[in-house]
Structure formats: C-alpha cells, structure tokens
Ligand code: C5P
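Single chain ahead, written as structure tokens, the form predicted alone.
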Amino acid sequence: MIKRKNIIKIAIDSPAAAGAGTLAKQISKHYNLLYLDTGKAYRVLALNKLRYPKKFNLNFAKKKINNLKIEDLNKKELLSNKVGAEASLIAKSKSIRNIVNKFQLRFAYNPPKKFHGSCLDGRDITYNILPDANFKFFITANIKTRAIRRYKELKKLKMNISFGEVLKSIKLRDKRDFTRKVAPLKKTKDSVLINTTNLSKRACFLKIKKIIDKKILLNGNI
C-alpha cells in the first residue's frame, strides 16, 4: 500500500450520534484534510443487502466497495435507522470488515495531493485503521442526548419515525458495537476523551483545535 509521508492523520472513534461526524468535518475543513465517515461504507453495503438480498455475497460486496467514491457516502437513504441497524449487523463479519478496511486504508494513508492529510471517524479507527495517527479522539455523549440529535437529524430529512424508535435503535447499536468480537468500539489509552453532552459544536471544535495546534507548535510539524 502506498503511504504519503509527512501528512496529518487524525483518528476518531465514537458511538452513534455523539457528534463525531460534525466535529470531523469541521476539523477536516480547518486543516484541509480528506474527511471519511468510515461507517458510511458499511451503510452502503447494508443498503444494497436490503435491496438485493438474494444477490448479496462477498463478491457483490467487494465490487461495490471497489467502485465506491467519497460522494457516494452522502446519499440521504444511508441515514435511515433500518440501514444503520443492518450496517451494525454486517460489520460483525470479519470478511466484510476486511473488504471495507482496504477502502478505508487507501484514503487514510494516501489522500489526494490537494489535502494535507486525512481525518477518519468510525468505531475502530484509533487502533485498527490508523494506529499510528498523529491525533486520536474518542467522542461521546449520554444516550438521551445522542438520541435527540439523531431524531432531529432524521426529522429534518422528513423521515417518519418516533423518538422512542430512535432511542431503541441507538441502544441496540451501542450493544452491538461495544460487544462484537471483531473490532469492537472501545476507547484506547492514547485517545483523548471528548464528552459533547453539554458542549456546543463550536466549543467542541475549539477544544480539539487547541490540542492539535499545541502539538504542531511544539513539534514544529507533524
């Protein structure tokens, strides 16, 4: 695998709807990094499995991932709770994870030259995909706050769903993400914990920016 030298690599892990995606996008924009929501690749496969259950197999999944582009990860239908639940299920498969991991590694270590590096958020980024990241963060928030955020997000997309359904879905996803045998969600010792429950988006961004800027200033470079 080709690896660009002297690039910034930021790894972020978090449970669902903790605000990691929003923060990662802000950080990526500020430092001119390629942003990749790694969980969306699993959602793409989950959506295809739901649409084509009889066709879905490892070869089918591999073709979908090999042809996947960053812009394909922004489709509205990927955000549904049904797709999210299915994504959490197929993410348990070691074979599926191997396929998706290759996609993630390509963007993590060899982002296009116009970017100064990469910023990835997901469930196993800090220890599995980017173990040598320059910066590692674990973003979290209490479950009620996360459910409210996801509910508002889905309502803006005009999806017909109740708050109770969203809360139940997030609880189920947490259980699957934290307890699966293959690449479970966990906070590593070298990850900085950021609890977003009582922080605004701006406050969270400034907190992370301060950590990054301090290290860059001390080292002179990354």
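Heads up: residue numbers just count along the shown sequence, starting at 1. Please read these numbers as outputs of a predicted model, since none were measured by experiment.
Not pictured, yet referred to below: the form predicted in complex with the ligand.
A heavy atom within 4.5 Å of the ligand in the predicted bound form is found for exactly one of Arg180, Lys168, Lys187, Lys62: Arg180. Proximity to the ligand in the predicted bound form, defined as a heavy atom within 4.5 Å, holds among Thr196, Ser191, Gln26, Thr38 only for Thr38. When contacts are judged by a 4.5 Å heavy atom cut-off, Arg123 counts as touching the ligand in the predicted bound form. Although the partner is absent here, Ala87 lies within 4.5 Å of the ligand in the predicted bound form, judged by heavy atoms. Taking non-hydrogen atoms only, Ile139 never approaches the ligand to within 4.5 angstroms in the predicted bound form. Shown alone here, Arg149 lies farther than 4.5 Å from the ligand in the predicted bound form, counting heavy atoms only. In summary, the region of this chain contacting the ligand in the predicted bound form, judged by heavy atoms within 4.5 Å and restricted to 41-49, 160-168, 26-34, 64-72, corresponds to 41-49. With respect to the ligand in the predicted bound form, the three residues Asn110, His116 and Lys209 uniformly fall beyond 4.5 angstroms at the level of their nearest heavy atom.
Contacts between stretch 90-108 and the ligand, counted in the predicted bound form as any heavy atom lying within 4.5 Å, involve Ala91, Arg97, Gln104, listed in sequence order.
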